[in-house]
Structures are given as structure tokens and as C-alpha cells.
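One chain is shown next in C-alpha cells, namely the form predicted alone.
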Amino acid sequence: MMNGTTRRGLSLAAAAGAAAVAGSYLVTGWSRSFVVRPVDQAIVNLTPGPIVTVVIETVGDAGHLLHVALAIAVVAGLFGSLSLIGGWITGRTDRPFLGVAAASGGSWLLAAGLTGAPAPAVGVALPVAAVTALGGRPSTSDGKQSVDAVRRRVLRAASGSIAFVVAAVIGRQAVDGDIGSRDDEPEPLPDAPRSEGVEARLGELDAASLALDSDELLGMVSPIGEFYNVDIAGFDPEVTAAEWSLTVTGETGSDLTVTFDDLIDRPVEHRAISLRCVGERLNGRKLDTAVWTGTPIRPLIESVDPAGDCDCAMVRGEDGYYVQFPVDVLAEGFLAWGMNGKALPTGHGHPVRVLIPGHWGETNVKWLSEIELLNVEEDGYWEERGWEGTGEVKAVAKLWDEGITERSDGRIELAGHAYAGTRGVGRVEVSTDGGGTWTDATLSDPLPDADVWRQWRHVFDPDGTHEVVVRAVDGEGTRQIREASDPSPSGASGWVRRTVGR
């Protein structure tokens, strides 16, 4: 069991660690200079693949909260330990100044080393110094202190830390709220690629959509704020268009570096493209569509005379993510810097991301930084962790809650979206008797872009409770896989089933 001295020491360490994290957050916000960020990235990179898979399939998006919480705990422990060392120095020398200087100086060095940002590291050092000073042992005439005096100092330090944490969070939220009121509005597209083509494409999708009774079901285009977003870490890279560049290196006749201005001066296209996450469950909601503005990858690849025995390339992003592709697959891809007529948002890879037709969303690297032509095949980020998500996306028909509507005439309308990558959706089949009989649903009009979802709709007269089953058939005549499987290792499969009626 811990004695009173040990408990008080750990309490002071916890107070100092919490204050250190709060001080960093107050100064930097949720940015690359936040002291938790590099630790969070290390945890993400070092977590074994089987654990990652269990977390994805068990808690889904909440997995981000788990590794960020762990990173915060680790950081608090590190700086709390430095405060403990400072307290020990104070006790051994009876010189509080030495203990405070050691704790604050060590904290500044550690924070600056972790983040590479010396100035914001002061936001860590000062709170650690304050808690260490509040909890330190003052000099007395006989060198002894009462237990009550020690407890009061610990309580004072802990209370001060809690107050500072609360004030730091409120203060930072106030600052971010002022910034967010201006920055949350998507930026316009760059001057070079005019947006007339975007409006035309958005109009095509709107014209192709079905008329539905449901007011809540997504249309043919997902609003930027509702488009699903999955990253490997909890902190997005902060890359401006002015500082961005893409390097094409490796097995090439000549290396190439492209700036953002160079890129947007190339031929511009506006493509409707759907993305589906390999980690989503069968009837999950990580499937969305947008009109993306950008330029084809093929001319860039061909300009460097690609070589290498494997005819493959590794694509890397600023967040440390990497995916390998066959060169011929990559060449069909698209470098996007716009989304639904606005500049690409930070969370979706600003300023430039990759879009690979017909492949799972995890292949579409955000915050693109490098394309390396390889001589020998290498595993990508998720392949190293046991996934096989770089293949073509599986066909799926979705039936979400908002797609089930009781009409005023007593009939029930079923509606949703279906997606099969570049193979397209040929039809959607619906059964209202658990799979005994099937009816073809009404589909939205096909679009010139193959890699885009279609809406489906079916109306029937209910007679009690019905087990509804939906399945997609792709443009090549292949029916959606019936056998149910978890997302790992190559994407969820199965037919979507819902109980409908009264």
C-alpha cells in the first residue's frame, strides 16, 4: 500500500502533468505545436495491427478518442515526473528555487524537443514551475513540517492546477471560437480553376436524383460538413498552399517537384467521385459523394519516365500515412484541391489529396507530399497492420433510418444509396419478405462518371412487420456478396437487413 508521502507526491505529479497539458493547449490549441501531438502520432504508429483492428471494429470513430486520451495521460505522466524530480531536489537541498528551476527547465527542454517549437514550450514550463513551487517544501527553522502543512500545500497545488485546466480550456475555446467564426467557412477555389464547371457538375447530380418522401436522406451530393472523415491520427497536418509541394522521386528518369501554383495551372477537371471507408460496417455511414476539382495524375507520372521492376509506387502524406499502388492504377488517379466548389478543407487533405477511382477510401492519401516510384513492392500503412484495403471497393446497397418513411397514403417508402466503384450500379434488388421474393428498385439516372453512387427507391404496402433485405448488382452483372463479414481485412460484406412495418 502507498503511504501518505507517496500519495501526496503522486497527487502533485498529476496536478503538474495536467497543468502542463492545459498550458500547452492554451498556447497552441489543437495544432502541430501541441505537446500531445507527437506522442499521439507515436502511439498510432507503434500500436500493433491486431489491436488497431479490434478498436476499429469495436468502437469505430471513438478509437481516436482512446489514443488521444492515452497520449494525454503519457504526456501528463512525463511532465508530472519532472515536477516530482523538482520536488525531490527541493527536499534534498532545502532550496525551492533549485527544484522549481529543474522542473521548469526540464519541462521546457522536453516540450521543445517533442514539438520542435521552443517558444510554445514555455506554455508547458510555466505551469509545471507554478505547481512545483506551490507544492514545494519551504524552509523552516527546525527543518520539520507538520503533516497538516504538507497536506495544505498539496491541496493548494491541486486546486490551483484544476482551476488552471478549466481556465485554459475555456480560454482556448474562446480564442478558437473567434477564429472559427471566420475560418469554418470554406475558402473559395483558387483563381486559376474557375468554378463554372463545378456548378455544371453539381447540377447534373441534382437533376439525376430521385424525388423522395424523406426530407432527411442525403441527396446525390454530400455537404462538406457531413462528408465522412477518417485519419490515422487525431491531429491534422497544417499545410498552406504557398508552402505545399509534391515530389516525384525514386525509380525515375528524372525527379520532379511541383508547387501548388504549378499544379493548378495544369488542365482542370471536375469529377463526381464517391468514397467508401474500408473500416465501416456493412450498413455504416462512411460512404459519401462530392464533386472534386483537380487534375489527372497520369501526365505527372509520364513526365518523369517511371521505371522500377515492380511497376509500383508509394504515395505519402504529410501525416506520415503511405499507400502502395501499381503505377497503372495510380495513373488513373486524380489530384484534388477543391471539393463541392470550395477549396479542399483541412480535414479532407488541404491543400491537395489523391483520389483513386473505384478503390477504398483509405487509398486516397490526404495532405499529399510524395510519390516514390519503387523497384520492389513494399507494404503500405494498413497492409503492415493486416488489412487488404487497397483493392477495389465492394458493391453495397445502404438502407439507413432516414431512408424508411411512412407515406401519407399508408405505404412505406424505402430509399437509399448504392455504390460499386468504377463498375457502376446496374440495379438494386429489394425483398420485403426476408429474401423470398425480389423486386428491382427504381434507380436515379446514371452519370457520366462511373465512380459515383446511385440513389434507389422502392414503395410497398405494409402488412404487419416485414424483414426488408436490399442488395446491389454492379454494372458487370455481379451481385453484392451475400456472406456477412467484418470490415477486417478487406471490407465488410453481406446484404443489408432491416425490420420494417408495424
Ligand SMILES: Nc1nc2c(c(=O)[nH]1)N[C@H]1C(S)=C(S)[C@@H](COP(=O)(O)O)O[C@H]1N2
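Start at 1 with the first residue shown and count on from there. Being a predicted model, the structure only gives us computed values, none of them experimental.
The following text describes the form predicted together with this ligand, which does not appear among the structures shown.
Using a 4.5 angstroms limit between non-hydrogen atoms, Phe260 is distant from this ligand in the predicted complex. Contact annotation for Ile232: at least one heavy atom lies within 4.5 Å of this ligand in the predicted complex. In the predicted complex, this ligand sits beyond 4.5 Å of every heavy atom of Ser274. Using a 4.5 angstroms threshold between heavy atoms, Asn364 counts as touching this ligand in the predicted complex.
Note that among 348-356, 95-103, 214-222, 395-403, the stretch whose heavy atoms approach this ligand to within 4.5 Å in the predicted complex is 348-356.
Scanning Trp108, Phe164, Tyr228, Trp244 against this ligand in the predicted complex with a 4.5 Å heavy atom cut-off leaves one residue, Tyr228. Only one of the listed residues (Tyr321, Trp387, Phe325, Tyr419) places a non-hydrogen atom within 4.5 angstroms of this ligand in the predicted complex, and that residue is Tyr321.
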